[in-house]
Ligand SMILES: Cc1ncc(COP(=O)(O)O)c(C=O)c1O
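To begin, one chain is listed below as C-alpha coordinates, in the form predicted on its own.
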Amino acid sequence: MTDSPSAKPLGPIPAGFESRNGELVIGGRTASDLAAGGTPCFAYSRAMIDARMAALRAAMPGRLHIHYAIKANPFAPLLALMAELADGLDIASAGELAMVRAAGADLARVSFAGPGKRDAELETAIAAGVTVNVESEGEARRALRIAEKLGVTPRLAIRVNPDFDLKGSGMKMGGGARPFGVDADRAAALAREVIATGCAWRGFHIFAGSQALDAEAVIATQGATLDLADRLARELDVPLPGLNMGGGFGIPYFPGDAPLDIARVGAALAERFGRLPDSLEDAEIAIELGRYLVGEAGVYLTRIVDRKESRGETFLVTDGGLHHQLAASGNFGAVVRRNYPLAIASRFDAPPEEVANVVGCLCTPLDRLADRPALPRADVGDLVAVFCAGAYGATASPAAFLGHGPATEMLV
(Lines give C-alpha, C1' and ligand atoms only; values in the text may rest on other atoms or scores of the structure.)
Protein backbone atom coordinates (compact mmCIF):
# COMPACT_ATOMS: atom_id res chain seq x y z
CA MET A 1 0.00 0.00 0.00
CA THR A 2 1.16 3.50 -0.71
CA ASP A 3 1.23 6.16 1.99
CA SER A 4 1.20 8.89 -0.61
CA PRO A 5 -0.20 12.15 0.79
CA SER A 6 -2.06 12.59 -2.50
CA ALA A 7 -4.47 9.77 -1.64
CA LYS A 8 -7.99 11.01 -0.89
CA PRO A 9 -10.41 9.07 1.33
CA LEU A 10 -13.50 7.30 0.06
CA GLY A 11 -16.96 7.46 1.58
CA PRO A 12 -18.01 4.60 3.89
CA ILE A 13 -19.25 1.41 2.22
CA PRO A 14 -22.70 0.61 3.67
CA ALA A 15 -22.96 -2.27 6.11
CA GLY A 16 -24.22 -5.56 4.74
CA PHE A 17 -21.95 -6.14 1.75
CA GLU A 18 -19.75 -9.24 1.77
CA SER A 19 -17.24 -10.97 -0.46
CA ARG A 20 -17.10 -14.45 -1.95
CA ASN A 21 -13.70 -15.66 -3.08
CA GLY A 22 -12.50 -12.09 -2.84
CA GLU A 23 -15.34 -10.70 -4.97
CA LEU A 24 -18.17 -8.35 -3.99
CA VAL A 25 -21.53 -10.06 -3.44
CA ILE A 26 -24.83 -8.18 -3.96
CA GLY A 27 -28.13 -9.86 -3.15
CA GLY A 28 -26.43 -13.24 -2.96
CA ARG A 29 -24.77 -12.95 -6.38
CA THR A 30 -21.21 -12.02 -7.24
CA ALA A 31 -20.46 -8.84 -9.11
CA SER A 32 -19.09 -10.77 -12.09
CA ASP A 33 -22.30 -12.80 -12.29
CA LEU A 34 -24.44 -9.65 -12.19
CA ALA A 35 -22.25 -7.98 -14.82
CA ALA A 36 -22.24 -10.99 -17.15
CA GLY A 37 -25.08 -9.47 -19.15
CA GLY A 38 -23.11 -6.29 -19.75
CA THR A 39 -21.95 -3.18 -18.01
CA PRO A 40 -22.62 -0.61 -16.76
CA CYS A 41 -25.45 -1.86 -14.57
CA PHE A 42 -27.26 -1.07 -11.34
CA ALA A 43 -28.00 -3.87 -8.90
CA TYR A 44 -30.47 -3.31 -6.05
CA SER A 45 -30.57 -5.73 -3.12
CA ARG A 46 -34.09 -6.77 -2.15
CA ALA A 47 -32.83 -8.18 1.16
CA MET A 48 -31.21 -4.88 2.11
CA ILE A 49 -34.40 -2.95 1.32
CA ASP A 50 -36.47 -5.42 3.37
CA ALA A 51 -34.03 -5.10 6.27
CA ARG A 52 -33.99 -1.30 6.12
CA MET A 53 -37.77 -1.08 6.22
CA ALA A 54 -38.01 -3.60 9.07
CA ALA A 55 -35.41 -1.73 11.11
CA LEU A 56 -37.16 1.58 10.50
CA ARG A 57 -40.55 0.23 11.56
CA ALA A 58 -38.99 -1.24 14.71
CA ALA A 59 -37.48 2.14 15.59
CA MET A 60 -40.47 4.36 14.83
CA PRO A 61 -43.77 4.67 16.76
CA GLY A 62 -46.37 2.16 15.63
CA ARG A 63 -48.89 4.79 14.54
CA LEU A 64 -46.43 6.45 12.15
CA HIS A 65 -47.07 5.77 8.46
CA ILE A 66 -44.03 5.36 6.21
CA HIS A 67 -44.31 6.61 2.64
CA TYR A 68 -41.90 6.02 -0.21
CA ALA A 69 -41.00 9.02 -2.40
CA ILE A 70 -40.66 7.30 -5.76
CA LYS A 71 -38.47 10.05 -7.23
CA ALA A 72 -35.58 8.37 -5.39
CA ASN A 73 -35.86 5.28 -7.59
CA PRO A 74 -38.88 4.39 -9.77
CA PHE A 75 -37.37 1.21 -11.32
CA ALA A 76 -40.49 -0.90 -11.90
CA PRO A 77 -39.58 -4.08 -9.92
CA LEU A 78 -38.26 -1.98 -7.03
CA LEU A 79 -41.35 0.22 -7.12
CA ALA A 80 -43.61 -2.83 -6.98
CA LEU A 81 -41.68 -3.99 -3.90
CA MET A 82 -42.03 -0.58 -2.24
CA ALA A 83 -45.75 -0.52 -3.01
CA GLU A 84 -46.00 -3.64 -0.83
CA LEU A 85 -43.65 -2.49 1.94
CA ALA A 86 -44.66 1.16 2.35
CA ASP A 87 -47.92 2.60 3.67
CA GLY A 88 -48.12 5.13 0.87
CA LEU A 89 -46.34 6.43 -2.21
CA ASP A 90 -45.44 10.03 -2.99
CA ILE A 91 -45.18 11.19 -6.60
CA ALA A 92 -44.18 14.40 -8.35
CA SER A 93 -45.60 14.11 -11.89
CA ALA A 94 -48.23 12.46 -14.03
CA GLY A 95 -45.46 10.24 -15.36
CA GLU A 96 -44.81 8.95 -11.86
CA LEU A 97 -48.56 8.47 -11.40
CA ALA A 98 -48.51 6.18 -14.44
CA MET A 99 -45.64 4.26 -12.83
CA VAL A 100 -47.43 3.68 -9.52
CA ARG A 101 -50.59 2.70 -11.38
CA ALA A 102 -48.59 0.13 -13.36
CA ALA A 103 -47.10 -1.14 -10.08
CA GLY A 104 -50.61 -1.95 -8.85
CA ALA A 105 -50.50 0.55 -6.00
CA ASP A 106 -53.65 1.64 -4.18
CA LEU A 107 -54.10 5.13 -5.63
CA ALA A 108 -55.97 6.25 -2.52
CA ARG A 109 -52.60 5.90 -0.74
CA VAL A 110 -50.76 8.08 -3.26
CA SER A 111 -50.01 11.79 -2.82
CA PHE A 112 -48.84 14.22 -5.49
CA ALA A 113 -46.52 17.11 -4.59
CA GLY A 114 -44.37 19.49 -6.59
CA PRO A 115 -44.62 23.02 -7.98
CA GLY A 116 -45.77 23.66 -11.51
CA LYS A 117 -48.43 20.96 -11.84
CA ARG A 118 -50.03 21.34 -15.24
CA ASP A 119 -53.81 21.23 -15.65
CA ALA A 120 -53.62 17.89 -17.45
CA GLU A 121 -51.63 16.44 -14.55
CA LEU A 122 -54.09 17.78 -11.99
CA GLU A 123 -56.99 16.36 -13.97
CA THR A 124 -55.39 12.92 -14.18
CA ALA A 125 -54.54 12.88 -10.47
CA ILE A 126 -57.93 14.15 -9.29
CA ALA A 127 -59.78 11.67 -11.52
CA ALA A 128 -57.63 8.85 -10.11
CA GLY A 129 -58.42 9.75 -6.48
CA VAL A 130 -54.87 10.75 -5.63
CA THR A 131 -54.32 13.28 -2.84
CA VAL A 132 -53.02 16.49 -4.41
CA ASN A 133 -50.69 18.54 -2.21
CA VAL A 134 -51.39 21.99 -3.61
CA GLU A 135 -48.40 24.34 -3.62
CA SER A 136 -50.07 27.75 -4.01
CA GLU A 137 -53.40 29.55 -3.91
CA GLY A 138 -53.48 29.54 -7.69
CA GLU A 139 -52.87 25.80 -7.92
CA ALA A 140 -55.57 25.13 -5.32
CA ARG A 141 -58.14 27.12 -7.30
CA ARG A 142 -57.17 25.40 -10.55
CA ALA A 143 -57.57 22.02 -8.87
CA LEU A 144 -61.02 22.96 -7.58
CA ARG A 145 -62.15 24.16 -11.02
CA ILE A 146 -60.90 20.96 -12.63
CA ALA A 147 -62.66 18.82 -10.02
CA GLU A 148 -65.90 20.72 -10.61
CA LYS A 149 -65.57 20.12 -14.36
CA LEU A 150 -65.00 16.40 -13.71
CA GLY A 151 -67.88 16.24 -11.25
CA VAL A 152 -65.77 14.59 -8.56
CA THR A 153 -64.78 15.46 -5.00
CA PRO A 154 -61.04 16.10 -4.99
CA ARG A 155 -58.72 14.89 -2.25
CA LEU A 156 -56.70 17.98 -1.37
CA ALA A 157 -53.94 18.77 1.10
CA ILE A 158 -51.88 21.95 1.37
CA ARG A 159 -48.14 21.88 1.22
CA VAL A 160 -46.81 24.41 3.72
CA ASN A 161 -43.55 26.31 3.40
CA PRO A 162 -42.59 26.34 7.08
CA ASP A 163 -40.95 29.23 8.87
CA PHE A 164 -38.00 26.98 9.75
CA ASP A 165 -35.62 24.66 7.92
CA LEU A 166 -33.86 21.40 8.69
CA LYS A 167 -30.48 22.27 10.18
CA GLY A 168 -27.60 20.48 8.50
CA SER A 169 -29.83 19.49 5.61
CA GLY A 170 -28.11 18.67 2.34
CA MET A 171 -31.06 20.24 0.51
CA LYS A 172 -33.31 22.78 2.21
CA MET A 173 -36.97 22.57 1.15
CA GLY A 174 -38.51 25.01 3.63
CA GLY A 175 -37.88 28.31 5.39
CA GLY A 176 -37.33 31.56 3.53
CA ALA A 177 -38.65 32.24 0.04
CA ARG A 178 -39.27 28.91 -1.70
CA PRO A 179 -41.07 27.63 -4.79
CA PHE A 180 -42.41 24.81 -2.62
CA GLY A 181 -45.67 25.19 -0.75
CA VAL A 182 -47.73 28.01 0.70
CA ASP A 183 -46.00 30.22 3.25
CA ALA A 184 -46.99 29.22 6.77
CA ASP A 185 -48.65 32.56 7.52
CA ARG A 186 -51.06 32.09 4.57
CA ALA A 187 -51.73 28.35 4.86
CA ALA A 188 -54.70 28.53 7.26
CA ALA A 189 -56.54 31.08 5.11
CA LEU A 190 -56.16 28.88 2.04
CA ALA A 191 -57.22 25.82 4.03
CA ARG A 192 -60.45 27.58 5.07
CA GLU A 193 -61.17 28.37 1.42
CA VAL A 194 -60.47 24.80 0.31
CA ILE A 195 -62.48 23.17 3.13
CA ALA A 196 -65.47 25.43 2.42
CA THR A 197 -65.80 23.90 -1.06
CA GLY A 198 -66.64 20.51 0.43
CA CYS A 199 -63.52 18.80 -0.88
CA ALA A 200 -62.09 15.73 0.80
CA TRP A 201 -59.74 17.68 3.09
CA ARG A 202 -56.54 15.69 3.71
CA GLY A 203 -54.52 18.10 5.87
CA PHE A 204 -50.99 19.45 5.52
CA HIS A 205 -47.69 18.44 3.97
CA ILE A 206 -44.74 20.11 5.72
CA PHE A 207 -41.30 19.25 4.31
CA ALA A 208 -38.35 21.25 5.64
CA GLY A 209 -35.32 19.53 4.11
CA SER A 210 -33.53 16.32 3.16
CA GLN A 211 -30.30 14.36 3.60
CA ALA A 212 -29.69 15.07 7.30
CA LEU A 213 -27.50 12.79 9.43
CA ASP A 214 -27.82 14.69 12.73
CA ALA A 215 -30.49 13.03 14.90
CA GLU A 216 -30.94 16.14 17.04
CA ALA A 217 -31.61 18.26 13.95
CA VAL A 218 -34.21 15.76 12.70
CA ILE A 219 -35.83 15.59 16.14
CA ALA A 220 -36.00 19.38 16.41
CA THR A 221 -37.51 19.69 12.93
CA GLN A 222 -40.11 17.00 13.59
CA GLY A 223 -41.06 18.77 16.79
CA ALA A 224 -41.36 22.11 15.00
CA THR A 225 -43.45 20.44 12.29
CA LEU A 226 -45.91 19.04 14.84
CA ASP A 227 -46.09 22.43 16.54
CA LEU A 228 -46.79 24.19 13.24
CA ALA A 229 -49.46 21.65 12.27
CA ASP A 230 -51.14 22.15 15.66
CA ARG A 231 -51.03 25.92 15.27
CA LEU A 232 -52.61 25.77 11.80
CA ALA A 233 -55.28 23.30 12.91
CA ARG A 234 -56.21 25.52 15.85
CA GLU A 235 -56.47 28.51 13.52
CA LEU A 236 -58.89 26.47 11.44
CA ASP A 237 -60.69 25.11 14.49
CA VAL A 238 -60.86 21.79 12.62
CA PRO A 239 -59.05 18.61 13.77
CA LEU A 240 -56.37 17.68 11.28
CA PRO A 241 -57.14 14.54 9.23
CA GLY A 242 -53.58 14.01 8.04
CA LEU A 243 -50.05 15.31 8.31
CA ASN A 244 -47.17 14.40 6.01
CA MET A 245 -44.08 15.44 8.00
CA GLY A 246 -41.74 15.06 5.03
CA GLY A 247 -38.51 13.17 5.34
CA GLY A 248 -35.00 14.40 5.89
CA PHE A 249 -33.38 11.08 6.84
CA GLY A 250 -29.97 10.96 5.17
CA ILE A 251 -27.45 8.25 4.39
CA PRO A 252 -23.64 8.46 4.66
CA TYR A 253 -22.04 9.27 1.32
CA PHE A 254 -18.72 10.90 2.15
CA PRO A 255 -15.65 10.43 4.36
CA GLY A 256 -16.51 11.27 7.95
CA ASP A 257 -20.26 10.74 7.52
CA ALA A 258 -21.94 8.58 10.18
CA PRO A 259 -25.37 6.92 9.95
CA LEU A 260 -28.43 8.70 11.32
CA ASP A 261 -29.39 7.38 14.76
CA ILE A 262 -32.95 6.30 13.96
CA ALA A 263 -33.46 4.76 17.42
CA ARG A 264 -32.95 8.20 18.92
CA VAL A 265 -35.25 9.82 16.36
CA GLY A 266 -37.93 7.17 16.92
CA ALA A 267 -37.78 7.46 20.70
CA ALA A 268 -38.17 11.25 20.55
CA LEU A 269 -41.08 10.96 18.12
CA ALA A 270 -42.79 8.37 20.33
CA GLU A 271 -42.46 10.75 23.28
CA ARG A 272 -44.10 13.53 21.24
CA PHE A 273 -46.85 11.21 20.05
CA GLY A 274 -47.58 10.41 23.69
CA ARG A 275 -48.62 14.02 24.31
CA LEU A 276 -50.20 15.16 21.05
CA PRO A 277 -52.71 18.01 21.27
CA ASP A 278 -56.38 17.37 20.52
CA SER A 279 -55.97 18.90 17.07
CA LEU A 280 -53.59 16.09 16.02
CA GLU A 281 -54.91 13.24 18.14
CA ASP A 282 -56.74 11.50 15.29
CA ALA A 283 -54.50 12.63 12.43
CA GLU A 284 -52.86 10.09 10.16
CA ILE A 285 -49.22 11.10 10.51
CA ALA A 286 -46.65 10.01 7.95
CA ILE A 287 -43.03 10.53 7.04
CA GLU A 288 -41.92 10.54 3.42
CA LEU A 289 -38.58 8.90 2.68
CA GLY A 290 -36.73 8.02 -0.50
CA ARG A 291 -32.97 7.62 -0.37
CA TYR A 292 -33.06 6.38 3.23
CA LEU A 293 -35.12 3.36 2.18
CA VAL A 294 -33.31 2.36 -1.02
CA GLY A 295 -30.11 4.36 -1.43
CA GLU A 296 -27.67 2.05 0.36
CA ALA A 297 -29.19 -1.05 -1.26
CA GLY A 298 -27.94 -0.11 -4.73
CA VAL A 299 -24.56 -0.61 -6.40
CA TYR A 300 -23.45 0.72 -9.77
CA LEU A 301 -21.09 -1.70 -11.54
CA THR A 302 -18.85 -0.49 -14.33
CA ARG A 303 -15.93 -2.23 -16.06
CA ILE A 304 -12.42 -0.89 -16.54
CA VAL A 305 -11.71 -0.59 -20.27
CA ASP A 306 -8.34 1.18 -20.09
CA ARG A 307 -5.53 1.79 -17.64
CA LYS A 308 -3.33 4.73 -18.44
CA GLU A 309 -0.66 6.96 -16.94
CA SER A 310 -0.55 10.73 -17.31
CA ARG A 311 2.13 12.93 -15.73
CA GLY A 312 2.70 10.53 -12.88
CA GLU A 313 -0.97 9.73 -12.15
CA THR A 314 -2.87 6.53 -12.91
CA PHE A 315 -6.30 6.65 -14.54
CA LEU A 316 -8.69 3.71 -14.52
CA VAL A 317 -11.08 4.44 -17.39
CA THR A 318 -14.45 2.71 -17.12
CA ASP A 319 -17.37 2.13 -19.46
CA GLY A 320 -19.65 4.05 -17.09
CA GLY A 321 -19.66 7.53 -15.66
CA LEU A 322 -21.65 10.59 -14.75
CA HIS A 323 -24.33 9.88 -17.37
CA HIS A 324 -25.53 7.13 -14.97
CA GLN A 325 -24.11 8.28 -11.62
CA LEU A 326 -24.14 12.06 -11.74
CA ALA A 327 -24.05 12.47 -7.95
CA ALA A 328 -20.94 10.29 -7.55
CA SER A 329 -19.13 12.55 -10.01
CA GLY A 330 -19.81 15.54 -7.76
CA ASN A 331 -22.02 17.30 -10.30
CA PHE A 332 -25.40 16.94 -8.58
CA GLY A 333 -25.45 19.96 -6.28
CA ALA A 334 -22.18 19.31 -4.45
CA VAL A 335 -20.29 22.46 -3.44
CA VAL A 336 -17.03 20.62 -2.77
CA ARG A 337 -16.31 17.37 -4.62
CA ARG A 338 -15.78 14.43 -2.24
CA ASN A 339 -15.48 10.75 -3.01
CA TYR A 340 -18.47 8.43 -2.83
CA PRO A 341 -17.91 4.93 -1.42
CA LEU A 342 -16.24 2.91 -4.18
CA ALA A 343 -14.33 -0.36 -4.46
CA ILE A 344 -12.72 -2.66 -6.97
CA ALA A 345 -15.51 -5.25 -6.97
CA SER A 346 -13.27 -7.93 -8.47
CA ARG A 347 -10.87 -7.58 -5.51
CA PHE A 348 -13.29 -6.47 -2.82
CA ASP A 349 -11.31 -7.67 0.20
CA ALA A 350 -7.81 -6.91 -1.17
CA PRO A 351 -5.72 -4.22 0.54
CA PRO A 352 -4.93 -0.93 -1.23
CA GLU A 353 -1.74 -0.94 -3.30
CA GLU A 354 -1.85 2.24 -5.34
CA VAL A 355 -3.43 5.64 -5.75
CA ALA A 356 -5.52 5.89 -8.93
CA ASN A 357 -8.21 8.08 -10.41
CA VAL A 358 -11.42 6.34 -11.53
CA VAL A 359 -13.01 8.11 -14.49
CA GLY A 360 -15.83 7.46 -16.92
CA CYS A 361 -15.98 7.20 -20.68
CA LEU A 362 -17.37 10.67 -21.42
CA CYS A 363 -15.37 13.36 -23.16
CA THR A 364 -15.47 15.82 -20.29
CA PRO A 365 -13.20 16.40 -17.27
CA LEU A 366 -16.33 16.37 -15.10
CA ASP A 367 -16.65 12.61 -15.60
CA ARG A 368 -14.72 11.45 -12.52
CA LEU A 369 -16.08 8.72 -10.23
CA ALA A 370 -13.25 8.85 -7.69
CA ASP A 371 -10.46 11.36 -7.19
CA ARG A 372 -7.15 9.69 -6.23
CA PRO A 373 -8.33 7.08 -3.72
CA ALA A 374 -6.05 4.30 -2.48
CA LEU A 375 -7.21 1.09 -4.20
CA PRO A 376 -6.08 -2.47 -4.88
CA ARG A 377 -4.21 -2.79 -8.17
CA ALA A 378 -6.84 -2.92 -10.93
CA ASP A 379 -6.53 -3.68 -14.62
CA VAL A 380 -8.60 -3.79 -17.78
CA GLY A 381 -11.57 -6.11 -17.25
CA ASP A 382 -11.87 -5.55 -13.51
CA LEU A 383 -15.18 -4.29 -12.14
CA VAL A 384 -15.60 -1.08 -10.16
CA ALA A 385 -18.46 -0.79 -7.66
CA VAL A 386 -19.94 2.60 -6.74
CA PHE A 387 -22.07 2.26 -3.62
CA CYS A 388 -25.06 4.29 -2.37
CA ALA A 389 -26.38 4.02 -5.92
CA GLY A 390 -29.93 2.93 -5.08
CA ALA A 391 -31.33 6.48 -5.07
CA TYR A 392 -30.94 9.40 -7.47
CA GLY A 393 -28.78 7.36 -9.80
CA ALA A 394 -30.18 6.08 -13.07
CA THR A 395 -33.13 8.48 -13.37
CA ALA A 396 -31.34 11.50 -11.88
CA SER A 397 -28.45 11.37 -14.36
CA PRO A 398 -28.19 12.53 -17.99
CA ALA A 399 -28.29 9.09 -19.63
CA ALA A 400 -28.66 10.60 -23.11
CA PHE A 401 -25.50 12.72 -22.80
CA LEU A 402 -23.03 11.82 -25.57
CA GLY A 403 -25.23 8.96 -26.71
CA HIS A 404 -23.84 6.12 -24.59
CA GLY A 405 -27.33 5.13 -23.49
CA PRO A 406 -28.80 3.94 -20.18
CA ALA A 407 -27.41 1.37 -17.79
CA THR A 408 -29.14 -1.93 -17.12
CA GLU A 409 -31.03 -2.17 -13.82
CA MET A 410 -31.93 -5.24 -11.76
CA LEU A 411 -33.51 -6.10 -8.41
CA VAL A 412 -31.67 -9.08 -6.90
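Keep in mind the model is a prediction, meaning the values are calculated, not measured. Residues carry their position along the shown sequence, with the first being 1.
Just so you know, the form predicted together with the named molecule exists too; it's not on screen, but the next bit is about it.
S.K.: Of these, 254-262, 183-191, 67-75, 121-129, which stretch puts a heavy atom within 4.5 angstroms of the named molecule in the predicted bound form?
M.R.: After filtering at 4.5 Å, what remains is 67-75.
S.K.: Taking 4.5 Å between heavy atoms as the contact cutoff, choose which of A157, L289, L301, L240 touches the named molecule in the predicted bound form.
M.R.: Of the listed residues, the single hit is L289.
S.K.: Heavy atoms within 4.5 Å of the named molecule in the predicted bound form: does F17 have any?
M.R.: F17: no, not in contact with the named molecule in the predicted bound form.
S.K.: If you check in the predicted bound form, is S279 within 4.5 Å of the named molecule, heavy atoms only?
M.R.: Judged by the heavy-atom cut-off of 4.5 Å, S279 is well away from the named molecule in the predicted bound form.
S.K.: Against the named molecule in the predicted bound form, would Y340 count as a contact residue? Criterion: heavy atoms within 4.5 Å.
M.R.: So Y340 does not count as contacting the named molecule.
S.K.: May I ask you to state whether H323 is within 4.5 Å of the named molecule in the predicted bound form, using heavy atom distances?
M.R.: Taking the distances in the predicted bound form, the answer for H323 is no, it never comes within 4.5 Å of the named molecule.
S.K.: Are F42, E296 and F348 jointly within 4.5 Å of the named molecule in the predicted bound form, each by at least one heavy atom?
M.R.: Not one of the three qualifies.
S.K.: For the stretch 199-214, return the residues whose heavy atoms include at least one within 4.5 Å of the named molecule in the predicted bound form, in the order they occur.
M.R.: Heavy-atom contacts to the named molecule in the predicted bound form: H205, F207, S210, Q211.
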